[in-house]
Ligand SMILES: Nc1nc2c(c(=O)[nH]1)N[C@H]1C(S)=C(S)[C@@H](COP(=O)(O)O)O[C@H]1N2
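The data below hold one chain only, encoded as structure tokens and taken in the form predicted alone.
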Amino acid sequence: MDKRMERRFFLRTAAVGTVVSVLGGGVYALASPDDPRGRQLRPDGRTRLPPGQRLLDALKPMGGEPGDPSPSAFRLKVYGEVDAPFEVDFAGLLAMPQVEQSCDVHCVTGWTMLDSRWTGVRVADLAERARVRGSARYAIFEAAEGYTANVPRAEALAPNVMVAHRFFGQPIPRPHGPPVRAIVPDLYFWKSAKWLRAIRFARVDEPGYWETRGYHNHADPWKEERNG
């Protein structure tokens, strides 16, 4: 299935809200529609379950061109509109201040997993080490095989945005982008780039892989920003 067909399939199933299998993968059970967590309010007053979403009980692997999953081969570069660009290996990432957080994941295809748990380093801490310039307005997450995702600076530096290396206390499983991926929980999950290689801070916006193929440039789940 080519990328255009994948996109139409994804958005069609998101609208219908009934397909719980992934392309070429397994079947995932719907969580109870009466799960009270979905009706809980976030600190910003919005419900935890965005409109048009259904609850699943597990994180679904959503494809993508895989990178090298080996921690020994991992390097993360932080560069662009910064005064102190740097590169860190996996051990160096683990040596930085670590945070563990529980967050909800929202996929543009229409599923949500509540209370996923990740461990990693806040992007804000990486940005502080790199001394991001005031001229930087966007963070561009760069991943394997040329995949990119663009996020406004203010949202990329939010306290819940991280470079994660563990999922529920274990190394990130292969379908989900190990050894390290971005986690941007308040935007649709395609912004949380898997097999992460770099974070580049930029003066101007640079729409990423899916954004240049018709997806919304911002991707707010509560506004249902699916299409561009």
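Quick note: we count residues from 1 along the sequence shown, nothing fancier. On a predicted model such as this, the values are computed, not experimentally measured, just so you know.
Although it is not shown, the form predicted in complex with this ligand is what the next lines describe.
The shortest heavy atom separation between residue 82 and this ligand in the predicted complex exceeds 4.5 Å. Mapping the unseen interface onto this chain, residue 126 falls outside it, with no heavy atom inside 4.5 Å of this ligand in the predicted complex. Of the heavy atoms in residue 63, some are within 4.5 Å of this ligand in the predicted complex. Though the partner is left out of this view, residue 147 does reach within 4.5 Å of this ligand in the predicted complex, counting heavy atoms only. Screening 38, 175, 69, 185 for any heavy atom within 4.5 Å of this ligand in the predicted complex leaves a single hit, 175.
Listed residues 121, 143, 139, 132 were compared with this ligand in the predicted complex; 143 is the one with a heavy atom within 4.5 Å.
Comment: 54 to 62 is the region of 158 to 166, 198 to 206, 54 to 62, 40 to 48 lying near this ligand in the predicted complex, near meaning a non-hydrogen atom within 4.5 Å. Contacts between 182 to 210 and this ligand, taken as any heavy atom within 4.5 Å in the predicted complex, involve 189, 190, 192, 193, 194, 195, 210.
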